[in-house]
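One chain is shown next in structure tokens, namely the form predicted on its own.
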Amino acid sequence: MTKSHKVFEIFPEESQIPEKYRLNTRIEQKIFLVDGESRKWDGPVQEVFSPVCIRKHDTVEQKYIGSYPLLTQKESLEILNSAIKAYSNGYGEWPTMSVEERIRHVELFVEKMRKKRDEVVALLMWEIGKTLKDSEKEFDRTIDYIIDTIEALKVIDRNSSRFVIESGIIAQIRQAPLGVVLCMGPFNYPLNETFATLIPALITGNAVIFKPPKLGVLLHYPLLEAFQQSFPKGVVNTVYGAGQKVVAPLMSSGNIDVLAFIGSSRVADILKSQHPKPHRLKCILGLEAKNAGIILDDAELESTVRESVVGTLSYNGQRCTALKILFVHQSIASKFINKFCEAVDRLNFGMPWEDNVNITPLPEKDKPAYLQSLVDDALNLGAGIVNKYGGSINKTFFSPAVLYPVTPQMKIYSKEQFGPVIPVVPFEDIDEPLSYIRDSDYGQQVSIFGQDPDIIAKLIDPLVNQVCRVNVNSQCQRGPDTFPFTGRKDSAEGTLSVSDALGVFSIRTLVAAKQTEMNKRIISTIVRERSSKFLSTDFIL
């Protein structure tokens, strides 16, 4: 069977799926987590279909894998009240708990979470089409992120355990929680990026409501019991359903103190506008990006092609950090295109559980049609699909398409494709890609490929004022998680890394007193008798 023909035979019959990867039990979720209990739901549900299709006789249909609750405004406000009660204006058990005690709760959750690895990995594959290898990596990376967050918080708390004496004032400065946090993660990393906000929000003492992304809901189901058993009542709550019905009431109540959202700037703007007290709402946002790769005339082609293929097509290009447009110097454009297309066409496509698979079906219902519209627009304006197997569609599958030469008149030049379509732009003057980045609405990252230190240095200096990460001879990426992850312009608000996230979900607060004998006696007594959890010199090992 030729590779081009395989696109139209890509989906298996049920009997062809290896037994250990079959999803034999549908996940009919009938509960949501509120006020420390798994409350039963008897109302309408949202059916969930996998991007994986199943062949049966002459038909090919997406596999039905389960359903989840479609809550209403009533349940949404009950969930909000649960979080408000748990936080209790900072008087609640969780926000007044010592850092060491909160860490123990999170460690208990990690212990329980580890036992659900196989279930979550399977649902990552079936629900969003992520490969087995990448699904396992996402789960393991999330565990590592939680552990690293715990260790980072210990360091912060150790540094805060001492008193500062300045200008006759005794003070102790620590991190304090902000209130009720609404966490909303993205479908492409529904576990990792949701937890990248949820865990630091929790461990710093906030009460949390989290809404899983529209795609990637069921994979959180195996973890609900772990949340319920690991944290005090009302500290962790889940909400499901249409945003207008369940999220709008939360925001318009004015009782959400922090919005942690990873998605589109359009939705972020709507959410922020719904809050009646915007100056009291703190936002941590991860939004769109149109990261560019700049390939200079002296770029080492083998490594550049390798990084560019991974950068553009890892998880089908469905990453905010993906390389979404490539600028290639005219003098090497032909050589680069040939090598790049050969590498793209060598990628394996198939089902998520298959060995060495690279390209899988797309979970978003209308994504193939959207990608096709971008390709058609580029073709009509003079570009071509220059790789052999590009642009073939079969139901939820879209074969990667390399478009060349792309010009500013084409939609793909400026629109974020978030999928396996790669625009390649030839340039002669370096100001062309620099102007693109300068004029872009987005400012997350850029990749530079070349060998001349002087030229690269001259590019770095202006680019660090346009984006928040400049990658030299490597793809754009988030990790390692200890590095700052943010963006300029419409790409982000707030910084997420292990330590930065702890800072954005809390506020530096201090207890201070003039250095009098009476105040020294009071503070010494409080510390010695451990009567305050905030004012303390306890050292976490």
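Sequential numbering from 1, following the sequence displayed. Every value quoted in this text rests on a predicted model; they were computed, and no experiment measured them.
Note that the form predicted together with glyceraldehyde-3-phosphate isn't included here; everything after this is about it.
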| property | result |
| --- | --- |
| Stretch from 362-370, 378-386, 182-190, 263-271 whose residues place a heavy atom within 4.5 Å of glyceraldehyde-3-phosphate in the predicted complex | 182-190 |
| Interface residue in the predicted complex among R174, H329, R319, K339, criterion: non-hydrogen atom within 4.5 angstroms of glyceraldehyde-3-phosphate | R319 |
| Option touching glyceraldehyde-3-phosphate, based on a heavy atom within 4.5 Å in the predicted complex, out of T486, S506, S499, Q477 | Q477 |
| 4.5 angstroms heavy atom contact with glyceraldehyde-3-phosphate in the predicted complex for H275 | no |
| Contact test in the predicted complex: K116 vs glyceraldehyde-3-phosphate, heavy atoms, 4.5 Å | no |
| Partner contact for K214 in the predicted complex: glyceraldehyde-3-phosphate, 4.5 angstroms, heavy atom | no |
| 4.5 Å heavy atom contact, R102 to glyceraldehyde-3-phosphate in the predicted complex | no |
| Residues of 129-151 having any heavy atom within 4.5 Å of glyceraldehyde-3-phosphate in the predicted complex, listed in sequence order | R141 |
